[in-house]
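Encoded as structure tokens, the following chain is the form predicted on its own, with no partner shown.
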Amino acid sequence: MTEVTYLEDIALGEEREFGRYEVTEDEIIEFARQYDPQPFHTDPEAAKDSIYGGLIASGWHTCAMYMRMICDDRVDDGGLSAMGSPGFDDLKWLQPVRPGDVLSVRSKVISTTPSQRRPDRGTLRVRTRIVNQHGEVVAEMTNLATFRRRPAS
């Protein structure tokens, strides 16, 4: 059985690197056709004439790939007491994500705050950077996550 990680178990300043997500042209086009149908996301030929000089993933697709890496790394093991997220701050897309890129995540805990209204939970703030295979930061944000607090024994 996996030991549960509660808010109190997560250290201020804790840093992690995780994930490996290979980006494909087909996936970029499929996501964009459904959610962000701009030519530089859906049409490799038209994308060549764009300011990006080629096909790129939607920023929202980049966020979806990030979420997949989180789920693959931590959520599926059943060991987290995460209760979802109220959102994020200062999302920035800094570099285009292209077919063939391999993404991973670098994160650092910047605050842990017990809830004043609900003593069974608290909020974690994490500075997150999504990087490509060259170590270039393609996106960054501050994530907020709600975690259960350790039950009183």
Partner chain sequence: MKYFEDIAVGEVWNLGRYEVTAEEIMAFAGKYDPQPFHTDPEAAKQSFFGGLIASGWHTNAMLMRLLADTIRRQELASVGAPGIDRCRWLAPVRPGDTLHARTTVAAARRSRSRPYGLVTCHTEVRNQDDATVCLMEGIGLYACRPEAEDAA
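Positions refer to the first chain, counted from 1. These figures come from a predicted structure and were not determined experimentally.
What comes next is about the form predicted together with the partner chain, which is not displayed.
- Candidate site formed by Cys71, Ser85 and Asn143: every one of these residues places a non-hydrogen atom within 4.5 angstroms of the partner chain in the predicted bound form.
- Among residues of the shown chain, Arg98 is not one whose heavy atoms approach the partner chain to within 4.5 Å in the predicted bound form.
- A residue is said to contact a partner when one of its heavy atoms sits within 4.5 Å of a partner heavy atom; Arg149 fails this definition for the partner chain in the predicted bound form, lying far away.
- The closest heavy atom approach of Asp49 to the partner chain in the predicted bound form falls outside 4.5 Å.
- Although the partner is absent here, Leu55 is not a contact residue: none of its heavy atoms lies within 4.5 angstroms of the partner chain in the predicted bound form.
- Contact annotation for 13 to 50: residues with any non-hydrogen atom within 4.5 angstroms of the partner chain in the predicted bound form are Tyr21, Glu27, Glu30, Phe31, Arg33, Gln34, Tyr35, Asp36, Pro37, Gln38, Phe40, listed in sequence order.
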